[in-house]
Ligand SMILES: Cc1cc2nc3c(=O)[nH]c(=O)nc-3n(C[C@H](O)[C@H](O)[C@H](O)COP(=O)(O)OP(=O)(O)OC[C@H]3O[C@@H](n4cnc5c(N)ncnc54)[C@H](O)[C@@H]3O)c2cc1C
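Take a look at this single chain in structure tokens; it is the form predicted on its own.
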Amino acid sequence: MYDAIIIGAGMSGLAAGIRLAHFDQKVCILERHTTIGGLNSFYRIKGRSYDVGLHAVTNYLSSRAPKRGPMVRLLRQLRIQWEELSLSPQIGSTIAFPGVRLDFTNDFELFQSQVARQFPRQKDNLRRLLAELIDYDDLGRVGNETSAREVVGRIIDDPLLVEMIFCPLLYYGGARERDMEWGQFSVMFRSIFLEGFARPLKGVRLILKNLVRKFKVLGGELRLRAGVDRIVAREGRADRVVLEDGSEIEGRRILSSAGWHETMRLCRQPEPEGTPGERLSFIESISVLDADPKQLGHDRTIVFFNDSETFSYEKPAGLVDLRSGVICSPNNFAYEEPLGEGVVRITALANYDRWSELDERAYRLEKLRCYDQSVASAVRFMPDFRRHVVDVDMFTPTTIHRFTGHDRGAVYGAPKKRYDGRTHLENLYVCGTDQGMVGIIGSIISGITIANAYCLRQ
């Protein structure tokens, strides 16, 4: 009998486990795969390590605020020292639309000045938007589910600026097509524009290594290759979990980071009629270069690009939509030492159904074709690096589904978030992306929040 069983060894599951183990609870984390991290993991191929999911750690500036902010809360609740994260800030990022570019760094004044220069009539409206943002501590209250486009459209009356603001927020946290909840918008705006980007020199591996080490030192149990087949309920409570190998484990409480719909499936709960069906997913191409991108004239950390005045954030009809995307250059953070080989990562919206229909041969061919097309799309907004490529890799929505179990390769989970983390069973809770916080810092905070609310206070 465990005090808590946690399904999934991603960021939120590990954070919840550490928090509970600090208070001498007997905790077991179950992970169906051979490695940890979930949507924010890493892998090795041909002698090189690649991050999955991590473009940048958000909420960087909150580390300088001694009393507030997700980063400060994370460090305090998990008893981690700031230095352990080894974060280096971004050099600078850009939102690029036809004829208009908005640069931003971790100093919000630059973004404000860019808006004032490109959209002078919107200077005061941007200040009004800031005043309306929901604070992190207010998540889950009335008003969170209001359409963000509806709120922003009432304040910012230039349609192009609205599209440019939504582009990075949707790409880094949009679970639904075209729009997001006002609460999610507030979270993403604060984490990207007000607090900013950073990255450890060694990528997501360093963060995961620190979390696992702390969890195990505190006596936590981590089981890999331990997929959950179902959650057995009795009298309105989760009684036990049955693993895929048939073994059973009992726990007083169960926290699931598998996703809302995935967790309901483990409970054998039918999906209600009218449930939003879209599950947004992506492809990502990774190019290893024989030169640092800065040597090729590219010093941008991240470029969010769109080739028209209207930003179309929706599942494409074909395999991929290359009208917009994200260009990430991991080299372009202010490290104290060089990263090493040059890397360019290009992300674009993709259609899980189209990829899953391909046979093995067609799948390989389409990966090659989409790699070439994604690079051709990106070099419209950055220097052409194709002559410097020495190695490539690419993952697709089916890759994401295979290694995370998320329906249809959904990166940001279900469109509807469950801010209170509750389910139909009184001792089963969800944490992670579907609870309402996305990204590395958001996922960690989600695990901490749910652990505190339901496993420590009761």
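The numbering used is simple: start at 1 and walk along the sequence shown. Keep in mind that this is a model prediction, so the values were computed, not measured.
Just so you know, the form predicted together with this ligand exists too; it's not on screen, but the next bit is about it.
J.: Tell me the stretch among 42-50, 385-393, 407-415, 422-430 that has any heavy atom within 4.5 angstroms of this ligand in the predicted bound form.
T.: Result of the contact check: 407-415.
J.: Work out which of A258, V344, A238, V320 lies within 4.5 Å of this ligand in the predicted bound form, going by heavy atoms.
T.: After the contact test, the surviving option is A258.
J.: I'd like to check something about P200: if you look in the predicted bound form, is any of its heavy atoms closer than or equal to 4.5 Å to a heavy atom of this ligand?
T.: P200 lies outside the contact set for this ligand.
J.: Within a 4.5 Å heavy atom cut-off, is I249 in contact with this ligand in the predicted bound form?
T.: No, no contact at 4.5 Å.
J.: Is it the case that G92, even though its partner is missing from this view, gets within 4.5 Å of this ligand in the predicted bound form, heavy atoms only?
T.: Heavy-atom contact with this ligand at 4.5 Å: absent for G92.
J.: In the predicted bound form, does I18 have a heavy atom within 4.5 Å of this ligand?
T.: I18: no, not in contact with this ligand in the predicted bound form.
J.: Can you work out whether this ligand is within 4.5 angstroms of a heavy atom in all three of G13, H55 and G227 in the predicted bound form?
T.: Yes, because G13, H55 and G227 each have a heavy atom that approaches this ligand to within 4.5 Å in the predicted bound form.
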